[in-house]
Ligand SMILES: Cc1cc2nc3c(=O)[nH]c(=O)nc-3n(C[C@H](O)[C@H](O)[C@H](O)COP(=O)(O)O)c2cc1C
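One chain follows as structure tokens, the form predicted alone.
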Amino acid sequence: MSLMRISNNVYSVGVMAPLVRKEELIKACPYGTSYNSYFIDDRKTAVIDMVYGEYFDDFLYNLGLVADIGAVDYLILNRIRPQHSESLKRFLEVSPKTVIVCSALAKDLLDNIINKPYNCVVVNNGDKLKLGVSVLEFVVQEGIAPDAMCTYFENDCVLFSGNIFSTDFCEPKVTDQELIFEKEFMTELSDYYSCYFSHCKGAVNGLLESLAQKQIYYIAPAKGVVVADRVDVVVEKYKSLGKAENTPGAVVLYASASGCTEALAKGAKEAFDEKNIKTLLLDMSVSTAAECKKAVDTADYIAVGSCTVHNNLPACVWNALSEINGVHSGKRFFAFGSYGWSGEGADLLNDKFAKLGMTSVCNPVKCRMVPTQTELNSIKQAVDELLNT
């Protein structure tokens, strides 16, 4: 990202990365991305957010044009990534007296990144830091990411939002004031939300409510363009993405090698239909991993089943599970599956979804080979437990 003055005291000193096409192995970047960092110039100075290691030299050049690099007072980290480790270590080498400001859980991660003594101040939600005339307020992103926070700059009404409002999107200009591809930008805003926040809509909505009390003229995210002309548009887009369905919905995910697990899946869908629950039936061997993730993120009730192949789940199921991430606390599910010899598939699914924070309403429903009517009745009973627990 080119050096640019954003407001009276704030400069963008991050780096553009237009050739990046994938992030963290899970997020496509068809329009490139950027690794944003910002500098606040006051009696005391602060850098907000850090770039990935391979872009540190470009970041340091940008920062050196507006700051005394060796005398930066604070480095404020709204989020922590392993990819920041090289940059963090190199920055503290050139500015060893800099005090890092972060959340308590971020401090735990930093200890295992920096691996040597460093100056750090842990902040809580609502804490403030005065740089001189400038006042920064910290807003912890509770329920969204354990280590993450936003930083609000009261004087210039700038929200340094971290991952919130970020996009994997790169244009020649730093801000959206001369945005060329507006449609693509809005698409990436939605895709970023879907990838990282669709499983925690309630927490994101709560954060938006708390930020609604603040005057925001600029949104300065960790990635993507700085939003100046479209602040209201971007906030309203997040609100629309966070709206829940008016009626409860269910998803039945399955993978079936011979049709036996499919019979159980169809039995589950019929049971949901009988209860007038809108239900999506997805075959993990056909549907994309992204489709499976979206279905799980948006569903109120989840039934997931698989056959067992060589004491394991088939590759298509592991592929779908790799996309289903985040913490889904409060959601309920049950696992099921047909097998020939050992039957680990349903148990592996049960363990995986439990580790996502969901609650299993019953033991996995299993059948050996072709399901009997009794076993199909067990699927219906599991649906009843799911809806009534």
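Every value quoted in this text rests on a predicted model; they were computed, and no experiment measured them. Residues carry their position along the shown sequence, with the first being 1. If you superpose the two forms and keep the largest set of C-alpha atoms that fall within 1.5 Å, you have the rigid core.
Below, we turn to the form predicted together with the named molecule, even though it does not appear here.
Quiz prompt | Listed range touching the named molecule, judged in the predicted complex by heavy atoms within 4.5 Å, from 279-287, 252-260, 107-115, 165-173 | solution = Heavy atoms within 4.5 Å of the named molecule in the predicted complex occur in 252-260.
Practice problem: Although the named molecule is absent from this view, report whether residue 309 comes within 4.5 Å of it in the predicted complex, heavy atoms only. | Solution: Judged by the heavy-atom cut-off of 4.5 Å, residue 309 is in contact with the named molecule in the predicted complex.
Exercise. Examine residue 364 and determine whether its closest non-hydrogen atom to the named molecule in the predicted complex is within 4.5 angstroms.
Key: Outside the cut-off, so no.
Quiz item: Is residue 343 close enough to the named molecule in the predicted complex to count, meaning some heavy atom within 4.5 Å?
Solution: Yes, residue 343 lies within 4.5 Å of the named molecule in the predicted complex.
Practice problem: Examine residue 338 and determine whether its closest non-hydrogen atom to the named molecule in the predicted complex is within 4.5 angstroms. | Solution: Looking in the predicted complex, residue contacts with the named molecule include residue 338, since a heavy atom lies within 4.5 Å.
Exercise. Heavy atoms within 4.5 Å of the named molecule in the predicted complex is the criterion; list the residues of 364-380 that meet it.
Key: Contacts from 364-380: just 369.
Quiz item: Taking the rigid core as the frame, does residue 344 move its C-alpha by 2 Å or more between the shown form and the other one?
Solution: Comparing the forms between the shown form and the other one, which are aligned on their rigid core, residue 344 does shift its C-alpha by 2 Å or more.
Quiz item: Would the C-alpha of residue 285 be classed as shifted by 2 Å or more between the shown form and the other one after rigid-core alignment?
Solution: It does shift by 2 Å or more.
Quiz item: Using the core for the fit, does the CA position of residue 314 change by 2 Å or more between the shown form and the other one?
Solution: Comparing forms between the shown form and the other one, the residue 314 CA shifts at least 2 Å.
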